[in-house]
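In the form predicted alone, a lone chain appears below as structure tokens.
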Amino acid sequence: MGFIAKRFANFLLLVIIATTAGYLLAASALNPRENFLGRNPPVPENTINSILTQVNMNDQDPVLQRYGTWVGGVVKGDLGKTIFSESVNEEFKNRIWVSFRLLILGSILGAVFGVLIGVISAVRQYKFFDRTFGYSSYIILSTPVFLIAILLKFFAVFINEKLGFTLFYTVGLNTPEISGFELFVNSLQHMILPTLSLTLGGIAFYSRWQRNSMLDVLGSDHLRTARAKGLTKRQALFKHGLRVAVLPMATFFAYSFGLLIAGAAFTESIFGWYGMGEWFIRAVNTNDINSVSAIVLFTAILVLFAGFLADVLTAALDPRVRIR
């Protein structure tokens, strides 16, 4: 419990640091005043200042003062107003579950299939399975996320044309005109492509690391000792080898989760999903400091919480970590 408490305290501290840095960077780099310039008829300077002050984005106020006001609201559960005087909380509620569907599924599927493929590739080193997934992984890792999403859309259109009906949907969360079980199935059809675009990168990432980690374990002394004691290759692999080989993956999970969030921004925009990633792009384009800061807070919590879970998982798999 002491180990977990210390890691959780570190987690909270890092969230504060990351969020503070995110807000100060957004407040320094973005200029909300640009939204009111160049209009015809021109908006009076006093009106602009009044609007920006109401949403706590007036660049004429000290940035630390604005940060203090924003933090005071966050502590009370109020993320402030958007540049259009709308509630950031409401926008957050509408979008968070949209992104969670992609992030959770993408991370879990990517990790599970990536680790599984990595283990099999290591056991069947240099055979057809290993070489096929090896080349495929390197191709996927070298391809930008947005390009993978676009290629998947082209592939889906091609398949739909060949089938003569729509199996894969390329835009939106669902079809509004339907309801009930049909809506559930329709939503799953809409999820396939964006989830796949995120999952492929995770599979490629995890499989390469897991393969290398597994190869090190296969040649280790403790595995040879287990075989010498009478265990079969399969028993030694699953009882003693896999547990050690999976340990590094727990750490990589936190970092890959951060990359997954970055990729979700492109994926949501390309497939017309109005989630946190698409909101971030729109917030930057409109110089919406409060929205950007709320998204940074959300991202920091997710990434650092993933790191916290990775530490807990590592401690659970390796008692030496708890002792240290």
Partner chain sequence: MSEKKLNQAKDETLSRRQLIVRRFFRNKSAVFGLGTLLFITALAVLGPYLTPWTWDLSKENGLDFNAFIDSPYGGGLTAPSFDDGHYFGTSQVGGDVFAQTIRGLQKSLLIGLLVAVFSTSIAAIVGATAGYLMGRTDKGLMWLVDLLLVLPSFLILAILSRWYQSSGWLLLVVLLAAFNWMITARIVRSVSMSLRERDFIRAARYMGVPTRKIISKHLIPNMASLLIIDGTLNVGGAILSETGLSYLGFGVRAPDVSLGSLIAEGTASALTYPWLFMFSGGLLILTVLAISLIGDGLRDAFDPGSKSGRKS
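Numbering follows the first chain given and starts at 1. In this text the structure is predicted, and so the values were computed from the model without any measurement.
Below: the form predicted in complex with its partner chain, not depicted.
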| query | finding |
| --- | --- |
| Candidate stretches 188 to 196, 115 to 123, 81 to 89, 207 to 215 - the one whose heavy atoms come within 4.5 Å of its partner chain in the predicted complex | 207 to 215 |
| Answer option from Phe146, Phe100, Phe184, Phe129, heavy atom within 4.5 Å of its partner chain in the predicted complex | Phe146 |
| Contact flag, Trp273 vs its partner chain in the predicted complex, heavy atom cut 4.5 Å | no |
| Proximity of Ala29 to its partner chain in the predicted complex, heavy atoms at 4.5 Å | yes |
| In the predicted complex, Asn285 touching its partner chain (heavy atom, 4.5 Å) | yes |
| Contact label in the predicted complex: Val43 to its partner chain, heavy atom within 4.5 Å | no |
| Site test, Ile4, Asn94 and Ala306 vs its partner chain in the predicted complex, non-hydrogen atom cutoff 4.5 Å | no |
| Partner contacts in the predicted complex for 296 to 310 (non-hydrogen atom within 4.5 angstroms of its partner chain) | Val296, Thr299, Ala300, Val303, Leu304 |
